[in-house]
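Encoded as structure tokens, the following chain is the form predicted alone, with no partner shown.
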């Protein structure tokens, strides 16, 4: 039997050796009296789970990927209908109870770490990306229900047993865990995608004490589900600084909306499915338009906290897309490699032709790098959430360790915030690149549907778009990096000097090469900061000198002051991703010397990329920005003023 875990040595390396199981098991079990007797026992159980998933996706999903793509889903009488093949797959997932993987045991779950779920998602996506997407809106929504209840304080704990005593949405969690229901995350609206402040769906509190939501949401993945997390505008929101109640991001709240109820008389819908999109790819995943009209809703947290809760979901979703894209990369590489090994041309397999060999080698190298980044982001996010949960479970009992815990939470948050946009950006872009390469290596037959590689290309195309476009990820990474320098320039100078020192004096030549990647990133950041600061200073001319310090410290307008940096955001993000992977692999090879060839391969590919990108940042952009400024009368007036 095929198995998508056992046939993947790099993936097995993480489960068998690299992941910090001592910490993850301890944080997942949290001293429970029904936990595993040892870390080894826990990891053995986790391995059983991933082997089960590896076999299931290889045997029950991958062989049917083309049929799933052909059959798709359809809308009949206002309901999404699954074809038999897709329905049979999800019947099997219910049978083996995979939707319970990460839920606590007291809620009927397996109590597995979050990273195990992400490993499963990678294997699902390797078999079929659209099945993985729908699978993610089962356990993912159940876990969100639990996490949000914990954060808002509506979950209670038995501190002696280290268990959940009660939680607000226990019935919904069980319904999803059983496979009888699922949910969705409803954010996007017509004319309001990345611009959250432009959302128009509204929620109003009735005289009966019930919130009701009215509006339309579009492009909702698995939007035919029962439970919808809906972002809506509310009056009287807690305002942010300089923002009136109910305006901008401070006027957004999160709601849980039940789209329907099933009863003896049939289904009664509270939210309507207005349509299902016909998409380029992901045909076995329903992407719906949902209409709410005075639909009853439950407020999550407090009024005005919608953006905060949405960020939690988006961070997890972006890590999930990273693993999903990784699965598509793996499928593309394996399809291309297998075909190249058997397709002969000019007296030898095309895999032995230099150009093809180079393409395959780069794909393999990039996959190892993306997986290293994905594991780092996932573990950091998991430890952050579980440390926060530990603080809530222990309460006053944990005061002795409170400061240590706070420091650890802050450290993991910083690292995860830095790595997540790099992962989402790189994995999504590489999924498209590798799928296209798979088509190219197959030649004419790659353009034919029956080979399946053109399907990978179509499925990959959405990954740089959903859960925040690649450009949004790049802007986030750039602004975080530049803002950190502006806030703490001395720390930046110190780190830059340390990197230069390592680049010259480290005993390991490979470590010196990694340090040179860091030096190049610092050069790029320094250049962008200098350009940004010079533009800022030019705007202060004519103003009293006494106002300059305040403007330089806090008067930054990203739309006005970061133009040059925004132009180069993607290039900087690519450099930062190469650096982050190199550092992660350097840490790995320090513990596991057999990983050194993986690092060597990455550095060999990264060095010329980083040099090229740095040159682009240092030498280009002025002409285009000048053209944009000339075409923007308001910008010209601002400069004149």
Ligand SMILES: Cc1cc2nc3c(=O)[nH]c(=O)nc-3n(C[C@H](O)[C@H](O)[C@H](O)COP(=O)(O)OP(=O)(O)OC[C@H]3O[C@@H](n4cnc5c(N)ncnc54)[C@H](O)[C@@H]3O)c2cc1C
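Numbering follows the first chain given and starts at 1. Predicted model only: the values in this text are computed from it and were never measured.
A second form of this protein, the form predicted in complex with this ligand, is not displayed here; the remarks below concern that form.
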Next on the checklist: Is residue 465 near this ligand? Define near as a heavy atom within 4.5 Å, in the model of the complex.
Outcome noted: yes
Checklist entry - Looking in the model of the complex, any heavy atom of residue 385 within 4.5 Å of this ligand? => result no
Next on the checklist: Test of understanding: in the model of the complex, would residue 170 fall inside 4.5 Å of this ligand by heavy atoms?
Outcome noted: no
Next on the checklist: in the model of the complex, does residue 137 come within 4.5 Å of this ligand, counting heavy atoms only?
Outcome noted: yes
Checklist outcome for this item: Contact with this ligand in the model of the complex, heavy atom within 4.5 Å, among 256, 515, 187, 93 goes to 187
Checklist entry - Which of these residues, 469, 272, 216, 523, gets a heavy atom within 4.5 Å of this ligand in the model of the complex? => result 469
Next on the checklist: So if I measure heavy atom distances to this ligand in the model of the complex, which of the stretches 470 to 478, 497 to 505, 69 to 77, 526 to 534 falls within 4.5 Å?
Outcome noted: 470 to 478
Next on the checklist: Using a 4.5 Å cut-off on any heavy atom, which residues of 266 to 300 would contact this ligand in the model of the complex?
Outcome noted: 279, 287
